[in-house]
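A single chain, nothing else alongside it, follows as structure tokens in the form predicted on its own.
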Amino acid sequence: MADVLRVLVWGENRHEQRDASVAELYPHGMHTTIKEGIEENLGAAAEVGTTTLDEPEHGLTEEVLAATDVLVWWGHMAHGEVSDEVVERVQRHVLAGLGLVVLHSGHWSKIFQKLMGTSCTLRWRNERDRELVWTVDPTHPIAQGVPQPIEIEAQEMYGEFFDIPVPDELVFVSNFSGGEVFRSGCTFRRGHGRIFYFSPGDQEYPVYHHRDVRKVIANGVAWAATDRPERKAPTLERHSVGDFGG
């Protein structure tokens, strides 16, 4: 792993171009606001860039991914426009050790579904619900420095059942105005890659300006970075009795 964490925030960047209310909240795009939150919290420890869906190869070329330690993913209205070839490429890099942080409606992205192996569907309601994000694992690195609970005044409701595999670690759960609960902060490991899913962050609300949400995302980025000396996917290897060489 590099001394400075190389982070890339991938944003769909469609709502910001089409919806005036979203553009008012995120005039430079949600990806830029997310980037700024990571920089605010990680400082000189991270170099953070952005790319978007409409870039060639969605900005996720082989060279870009090879030079990235952690990829942050936000998408919503154009999941189907993401190239299957690029999804395969990102999956390969995650299995080799690329960290992945998936935000909000990225639960339904091709890459998250592919890595989870499930539909990743859930219940939802968009009526400006209050969300309380409760830490259920206060010892986890992702939970450090955040209040108990995080209060988000207006947010889209996500509720169970959330069709994901049982998380390796459950860091946060949320409850909403209607009494719904949701596993809002989950970690997974696929191959050598670490994945963090964090749900707060609908495009219609200023959630990515929220100090504590920004802190959680930055913590998730730092956690998702591999501590292996090099990125390499697990491989099938023939092993002979007594062959214990490196």
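Everything quoted here is computed from the prediction, not taken from an experiment. Quick note: we count residues from 1 along the sequence shown, nothing fancier.
The following text describes the form predicted together with a further copy of the same chain, which does not appear among the structures shown.
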State yes or no: in the predicted complex, is some non-hydrogen atom of Gly193 no more than 4.5 angstroms from a non-hydrogen atom of a further copy of the same chain?
yes
Please check if His107 has a heavy atom lying within 4.5 Å of any heavy atom of a further copy of the same chain in the predicted complex.
yes
So, in the predicted complex, is Arg189 in contact with a further copy of the same chain at a 4.5 angstroms heavy atom limit?
yes
Check Leu170 for me: does it contact a further copy of the same chain in the predicted complex (non-hydrogen atoms, 4.5 angstroms)?
yes
Please determine whether each residue of Thr61, Arg89 and Tyr205 possesses a non-hydrogen atom within 4.5 angstroms of a further copy of the same chain in the predicted complex.
no
Looking in the predicted complex, the residues of 172-192 with a heavy atom no more than 4.5 Å from a further copy of the same chain, listed in order, are Val173, Ser174, Asn175, Phe176, Gly178, Gly179, Glu180, Val181, Arg183, Arg189, Arg190, Gly191, His192
